[in-house]
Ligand code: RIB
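A single chain comes next, written as structure tokens; it is the form predicted on its own.
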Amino acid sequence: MRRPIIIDTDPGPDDALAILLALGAADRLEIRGITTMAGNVGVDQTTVNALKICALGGAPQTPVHRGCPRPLMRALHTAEFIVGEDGLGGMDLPEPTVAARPQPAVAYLVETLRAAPDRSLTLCALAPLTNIALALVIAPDIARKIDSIVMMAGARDLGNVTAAAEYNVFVDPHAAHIVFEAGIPITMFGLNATYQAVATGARIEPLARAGGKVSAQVVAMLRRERPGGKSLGGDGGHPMHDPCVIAYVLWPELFTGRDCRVDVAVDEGPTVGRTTIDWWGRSGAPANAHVIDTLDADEMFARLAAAIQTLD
């Protein structure tokens, strides 16, 4: 029985790899839809990118819904300096021949979740959390429909966009606060975990050897030089943050973590977007997330490569 998921994303190279991993695991995952968000680049471009990636993965009819063009209460901060002007630096993909669905992402989330059985859908959150937060504010009843939210968000230690904040939470800290306070089971991949998932030469060699259409595009993306892209992930390659989310849904045995209280700083200043993770339980506050700490990166990339090659 395939696990139904919705992917909320702002592609982005590592988002692209995450989506392709989900498509390559079609025997185990059912992608009900993809919702896009402004983040790495503007939402018009992230929507086009999602359509391009689905076409590359042989699933052009995957429903893609355009989401929010900006965060809830802040100006948008994009990341072209890392991901390239179109968000998919290193990939050379044709323009999509299929359009995004006309229904906006937030309306799609509300309608789809309301129609679903309780605790039946997993949300894979790869972007700033604006779409999901708005859906929960508009329709708080949908919370009971969500089995879990597995997210790439935050940092237990240092940030990557400021000293304090990870990019997705920095872009929309108010949305992150809403989601963490919603009472939904959350699995959180912060930078402390995702910077272990470095796409080293050895880990991507199986894709390089495969030589198929999809594998070649992935390898070109992973080998592209990105200013700042390796600075916290080591010299051996780029960290692949977002694929960790899909890998966890597929192979939770590769990861360890603990239940913690997570609070998000929303006040403007040097700590805006910081996720304070009570790793040692000092506050006594109830946990609101399962925070991933370690992962078996070698095995994760081996399985990821095998899944991608099924798309070639």
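Only a predicted model underlies this, so the values are computations on that prediction, with no experimental measurement involved. The first residue of the sequence shown is number 1, and the count goes up from there.
Absent from the display: the form predicted together with the named molecule. The rest refers to it.
**Student:** The chain here is shown without the named molecule. Which stretch in 6 to 14, 21 to 29, 284 to 292, 297 to 305 comes within 4.5 angstroms of it in the predicted complex, by heavy atom distance?
**Tutor:** In short, 6 to 14.
**Student:** If you check Leu191, Leu207, Leu136, Val150 against the named molecule in the predicted complex, which one has a heavy atom within 4.5 Å?
**Tutor:** If I apply the 4.5 Å criterion carefully, the residue I get is Leu191.
**Student:** Select from the listed residues Thr112, Asn160, Gln196, Thr122 the one whose heavy atoms reach within 4.5 Å of the named molecule in the predicted complex.
**Tutor:** Contact with the named molecule in the predicted complex is made by Asn160 alone.
**Student:** Does the named molecule come within 4.5 Å of any heavy atom of Tyr108 in the predicted complex?
**Tutor:** Flag for Tyr108 set to no.
**Student:** My question is simply whether Phe180 lines the interface with the named molecule in the predicted complex - judged by any non-hydrogen atom within 4.5 Å.
**Tutor:** Contact check for Phe180: no, nothing within 4.5 Å of the named molecule in the predicted complex.
**Student:** Quick check on Leu126: any heavy atom within 4.5 Å of the named molecule in the predicted complex?
**Tutor:** Residue-level check for Leu126: yes, a contact with the named molecule.
**Student:** Is Asn40 part of the interface with the named molecule in the predicted complex - any heavy atom within 4.5 Å?
**Tutor:** Asn40: yes, in contact with the named molecule in the predicted complex.
**Student:** Going through 160 to 186 from first to last, which residues have a non-hydrogen atom within 4.5 Å of the named molecule in the predicted complex?
**Tutor:** Stretch hits, in order: Asn160, Glu166, Tyr167, Asn168.
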